[in-house]
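Shown here is one chain on its own, the form predicted alone, set out as C-alpha cells.
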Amino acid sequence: MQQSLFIKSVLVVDPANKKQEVMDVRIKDGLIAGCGANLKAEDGDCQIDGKNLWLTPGFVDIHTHLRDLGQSDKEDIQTGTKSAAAGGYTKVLAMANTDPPIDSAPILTLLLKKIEEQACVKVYPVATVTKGMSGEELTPMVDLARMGVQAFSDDGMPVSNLGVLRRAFEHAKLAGRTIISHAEDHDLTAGGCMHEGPQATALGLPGIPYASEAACVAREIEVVRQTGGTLHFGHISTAISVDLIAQAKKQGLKVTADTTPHHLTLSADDIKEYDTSFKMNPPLRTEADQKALVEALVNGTLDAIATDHAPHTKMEKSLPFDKAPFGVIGLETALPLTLEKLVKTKRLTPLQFISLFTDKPSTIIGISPYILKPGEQADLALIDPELSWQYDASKGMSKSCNSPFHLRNMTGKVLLTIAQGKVAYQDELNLSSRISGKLQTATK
C-alpha cells in the first residue's frame, strides 16, 4: 500500500494490547504510521469515516482447507485466500489432507511455491502426522517444521493407534509444534452421516453417536498426560467433550480446543430435508450441545473459533445425503454468525469476542499475537458490526458454495482487510459512502 490511509474515529478493538477505544489510525506504505486521538489528515490521504466501525487485528483461522494440488476444482490457494480476506482473515492454517497429502519435503516445497505465487494473506502450512495419513509411519516432523510447517494433523483420519500417537507427541515436542486432532473414532462412526438422534431416525439416515468424538477426546488426553505433549482439538461439537477438556485444563495438561460457527448456530433439528449443505463432520448436534459450546467459549474452556472451511464441488454435494462428502464453507460468514450469537446477546464484549479470532488462535499455533501500534506492518480488518446484509454463497470468493447459510440475512460485515500491508479485500459497495479516494486491492 503505497498511498496513505487515514481512518477517522474508529473503535480500535485490540485484544493482545487490551485496548478498546475510539481513535484515529493512519497507515502509510503498508505500516501503522500513527494511532491516537485527534490526529490530523494529511494531503493525499485516502480517508475513511470510521464512526461506529471496528478496527481489529486481522483474523487467524486455525482450520482452513485450501484444497489445491489435486483438488483445485474445489478450491485453490488464490480463491481460498481471497475468501479468507473477505471474511477478515489475514492468516490461515492450511490443513494437510490435500491430494496428495502434505507428508514429505517435496510435496511441502510444491505447496510453499503455490502459496508464494498465489496467496493474498499469510498461509501457514500443516503437515500430516503420519505418511499418507495411514496412521502408521510418522512423517519427518522436525525437518518439516524447519521448512515452515506450523502444526501437524491427520485431519479426517485420526490416529487410532495410541502407540503411534505417543511417538507423534514426542516428535512434535522436539519440533516445537502442536498436533491438531480431529477427534473421531471411525469404528463408532461406522458409516454414519449425521448426529445419532430423532432427526436421523426420521430421515432414515445412519447416525454418528456422541461417543465417536468423546471417546477419542478422552483417550488422546491420556496420551498427552503420558507424554507432556501439546494437543489442540479442532471443531469440538459435544457437551461431553467440553467437560473432558475442562477437566484436562484444570489438571494442567497442554490441551486447547476450538469450535465452529456452524456448530454454534445450527443443530441437527435444522436438517429438515436431505440438504447436503448441512452435512459436516463432526455433525450438527443438539441444541443442548450448542448451548454448552457457547458457554465453553464464554468461560474459556474452548479457546478459539475456527471455520473448518471445507469446499466441495456442486457435483459432489448433489449426491444423496449418505454418499455426499462431509464439509461446508465458512470463511466469509464466520464473523456475522458468531457476532450475532455472542456479542448481540451480550455474552461477550467486543474485546473478548475478537480475541477468539486473533490473539487466542495465534497463541495456540505458536505465532506472536498481533498488536496494533506504530511501526507494525498493517494486518487489519475494518468491520461494520451493525450492517444488515444477505449472504449469497454463489457470489462469494470461494470456488465452492456448499453453505447451509445461503441466502441467510446477517448482521455484521467486514468492509476492508489489509494483509501484510496490502489491501486484500474491500467491500466497495458498503465503503463507498464512507471513503474519499480509492484504494488499490492487491492483484494476487
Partner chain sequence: MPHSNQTTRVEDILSKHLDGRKCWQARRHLLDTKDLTNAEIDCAMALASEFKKFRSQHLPPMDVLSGKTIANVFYENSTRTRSSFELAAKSLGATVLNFDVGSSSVSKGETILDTARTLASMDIDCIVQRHSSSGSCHQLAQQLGDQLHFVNAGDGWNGHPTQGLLDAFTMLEVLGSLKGAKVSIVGDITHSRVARSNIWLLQKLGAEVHVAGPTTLIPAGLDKLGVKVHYELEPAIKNADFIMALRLQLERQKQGLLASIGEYKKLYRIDHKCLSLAKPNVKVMHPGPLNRGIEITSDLADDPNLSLIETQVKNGVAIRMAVFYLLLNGN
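Numbering follows the first chain given and starts at 1. All of these numbers come straight from a predicted model, not from anything done at the bench.
There is also a form predicted in complex with the partner chain; it is not shown, and the following applies to it.
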Look up in the model of the complex whether Leu174 has a non-hydrogen atom within 4.5 angstroms of the partner chain, and give yes or no. no
Distance check, Asp155 to the partner chain in the model of the complex, heavy atom within 4.5 Å: no
Is there a heavy atom of Val242 lying 4.5 Å or less from a heavy atom of the partner chain in the model of the complex? no
Quick one: is Asp322 in contact with the partner chain in the model of the complex, heavy atoms, 4.5 Å cut-off? yes
Any chance all of Pro100, Asp103 and Leu110 sit within 4.5 Å of the partner chain in the model of the complex, going by non-hydrogen atoms? no
Just one of 195 to 203, 333 to 341, 299 to 307, 258 to 266 has residues with a heavy atom within 4.5 Å of the partner chain in the model of the complex, so point it out. 195 to 203
Among the candidates Thr130, Thr230, Thr276, Ser212, the residue which, in the model of the complex, approaches the partner chain to within 4.5 Å (heavy atoms): Thr276
Quick one: name the residues from 397 to 429 with any non-hydrogen atom within 4.5 angstroms of the partner chain in the model of the complex. none
